[in-house]
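There is one chain below, alone, in structure tokens, taken in the form predicted on its own.
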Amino acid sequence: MAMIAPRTSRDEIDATPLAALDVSDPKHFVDGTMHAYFERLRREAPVHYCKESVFGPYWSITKYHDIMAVDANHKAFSSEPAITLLDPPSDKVLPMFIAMDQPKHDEQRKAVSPIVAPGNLANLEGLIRKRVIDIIESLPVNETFNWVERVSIELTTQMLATLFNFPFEDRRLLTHWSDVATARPVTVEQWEYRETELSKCLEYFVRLWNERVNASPTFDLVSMLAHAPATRNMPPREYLGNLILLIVGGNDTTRNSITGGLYFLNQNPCEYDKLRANPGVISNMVSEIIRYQTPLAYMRRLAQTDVVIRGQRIRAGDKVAMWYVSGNRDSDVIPDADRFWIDRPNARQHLSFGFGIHRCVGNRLGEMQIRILWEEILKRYPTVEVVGEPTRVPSSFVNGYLTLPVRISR
């Protein structure tokens, strides 16, 4: 369990020299002060250069329209070789299509996109609802439990197992590999542990690949990758990279929005009252949860040429972080952006899924899981009470939760 860090005061944040601000420091996300740092950058330095950080020097883009402009300009800002600020050793890079430029990106993305096509989502809805009901009807009553473990992780891991046609009894391996892949190794030992665990992931999925590549195509992600022309000849580490992308994409976004949504409703009891009075607002609320949470805080790009944004010259080779978590709180675009407002007009106007060619391929599936969960919760439990503060993932990339203590009363 992560320790709760001492909270930095707003006066301390405002007194820190701009040049010394490093919004990539995970402690800002652990103690929940990241929004105050980003508010200052949007106000004083919306295109900000950090010279020294654990990730090396990088630029921060923190305003909504600037983020959209960078995300859409894939010729000036490359997704290769990575989507996070961390530069792994060259022998530990995991190629994946989200960290590729066109045309390879488009070709590989197309190989898996049928899994989240509207027709298949309609086919999955009944299964998701059954699993949601099974999970929430098994929750203890009049007893404190960890919502992250019992609900958020369990629902998303079951869904991942279905998408991969992964042995259901081993589904928690998917959660483990997601957590390993998104952790930030620092020491040699941590890098070695990461490589060891991810090699187990590859070994397991190679067995599944070998079973399916020699069989007729089926409607699961492993079979799609094994049979699609753009992916069937991938080298092993590229296969692993795309697996990790699909595992993390199907896990972290939904799981942390499920937890964040319950936390925000408890922080805003008038909104919880509004939800109970009008369950028809759930679909709109889902978009507001995803905006307010922003489960992946940023994506990184690499400048391919010198570019000037708001008078700041970003040079070729510079790392650039598009802080979605900041753009989603930009009140110049989103009125009263710091307010959690479940019937917010234009709630889908958020950046949490990215923008342009790299927009999250599974966004509709994630939204559907959260929607169904809340539809079924309201039928059974008028209130799920948060009884303590969450502990947060020690990461500036995954904006998420390790624990959220809750209680359901009859």
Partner chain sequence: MPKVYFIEFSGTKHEVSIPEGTALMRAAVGHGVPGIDGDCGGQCACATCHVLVEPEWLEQTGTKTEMETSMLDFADSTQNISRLACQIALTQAFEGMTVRMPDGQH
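Numbering follows the first chain given and starts at 1. No experiment lies behind these values; they were computed from the predicted model shown.
Note that the form predicted in complex with its partner chain isn't included here; everything after this is about it.
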property	result
Proximity of residue 355 to its partner chain in the model of the complex, heavy atoms at 4.5 Å	yes
4.5 Å heavy atom contact, residue 36 to its partner chain in the model of the complex	no
Heavy atom of residue 213 within 4.5 Å of its partner chain in the model of the complex	no
Heavy atom of residue 89 within 4.5 Å of its partner chain in the model of the complex	no
Selected contact from 235, 317, 335, 118, since only one has a non-hydrogen atom within 4.5 angstroms of its partner chain in the model of the complex	118
149, 106, 189, 143 - the one with a heavy atom within 4.5 Å of its partner chain in the model of the complex	106
Contact stretch among 107-115, 292-300, 254-262, 305-313 - heavy atom within 4.5 Å of its partner chain in the model of the complex	107-115
Partner contacts in the model of the complex for 346-373 (non-hydrogen atom within 4.5 angstroms of its partner chain)	348, 349, 355, 356, 357, 359, 361, 363, 364
